[in-house]
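There is one chain below, alone, in structure tokens, taken in the form predicted on its own.
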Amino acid sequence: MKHFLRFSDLDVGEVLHLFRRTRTLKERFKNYVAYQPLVDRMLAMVFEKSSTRTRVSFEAGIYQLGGSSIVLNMGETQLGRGEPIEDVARVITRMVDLVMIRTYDQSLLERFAAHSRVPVINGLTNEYHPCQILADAYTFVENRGSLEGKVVAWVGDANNMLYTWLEAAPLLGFRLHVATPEGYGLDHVRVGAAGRDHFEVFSTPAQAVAGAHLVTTDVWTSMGFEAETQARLEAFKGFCVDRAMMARAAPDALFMHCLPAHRGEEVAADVLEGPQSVVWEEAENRMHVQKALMEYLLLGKVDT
């Protein structure tokens, strides 16, 4: 049994297999070709954080594969009344085949997985967002080919997205250029020595995006940090990805954003809606890579 709690839970062979399966499953979806290998399989989706794309992509994805889903909001379950997560894991995973959890604390996810009888998927935590980076990396591959040897520029907060890009860089062979405002940078103790050959920190966004093949960002205030909104608006001045910033990237550079986006804050409207933006494909690809992931976790490597 395998879990997907962090991007580094996969090796490069597994990631490339998921990319191949994503392409196949997406082509079937576009051509209305039914493929339902997960008939009678049940996905439990556990939400502590609110969600749009995560819920829709997993719910639609498991349905397309022939399975069903059940939604559990923590506040509406015994978890909200203090039942230990270990007990919840022991019970829920006797009744379902797969669990996706979207929560705040990575350690809660890990505690659940340690007592689970079925594969567990990280739908987002404060620390990591592996399904999103799986979709982002696939979207680049779909549009431009391999990420190996390419440069990905991150502009913004050192959040769960950035830390997951850091895990993906050594695995897929690209360099990560990082620009974060003062006071919102990487925790180098958390980063550790692993992967340091694959990223570089720059003092300005303009330096980070120079020559990049992919420019990506996120909201300045993530869920759970709303009390810091005003301070962040001040600190992040100059970190809006606009046309002038994109002009410093490679001529065929792509722009990505995991959404929701705040036009005029972290990204200019004409970049988000512009010809280099693939944010809508990126959002759709969440569903397709997650279908490939669920198939793999439940059935192993399928090549049909």
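Small disclaimer: the values here were computed from a predicted structure and weren't measured. Position 1 is the first residue in the sequence shown; the rest follow in order.
One more form of this protein, predicted in complex with ligand NVA, exists but is not displayed; see below.
- Taking 259, 250, 44, 235 one by one, only a single residue has any non-hydrogen atom within 4.5 Å of ligand NVA in the predicted complex, and it is 259.
- With the partner omitted from this view, the residue of 160, 116, 122, 180 that lies near ligand NVA in the predicted complex is 160 [heavy atom within 4.5 Å].
- Residue contact with ligand NVA in the predicted complex: residue 93 places no heavy atom within 4.5 Å of it.
- Contact annotation for residue 219: at least one heavy atom lies within 4.5 Å of ligand NVA in the predicted complex.
- Comment: 211-219 is the region of 141-149, 76-84, 211-219, 108-116 lying near ligand NVA in the predicted complex, near meaning a non-hydrogen atom within 4.5 Å.
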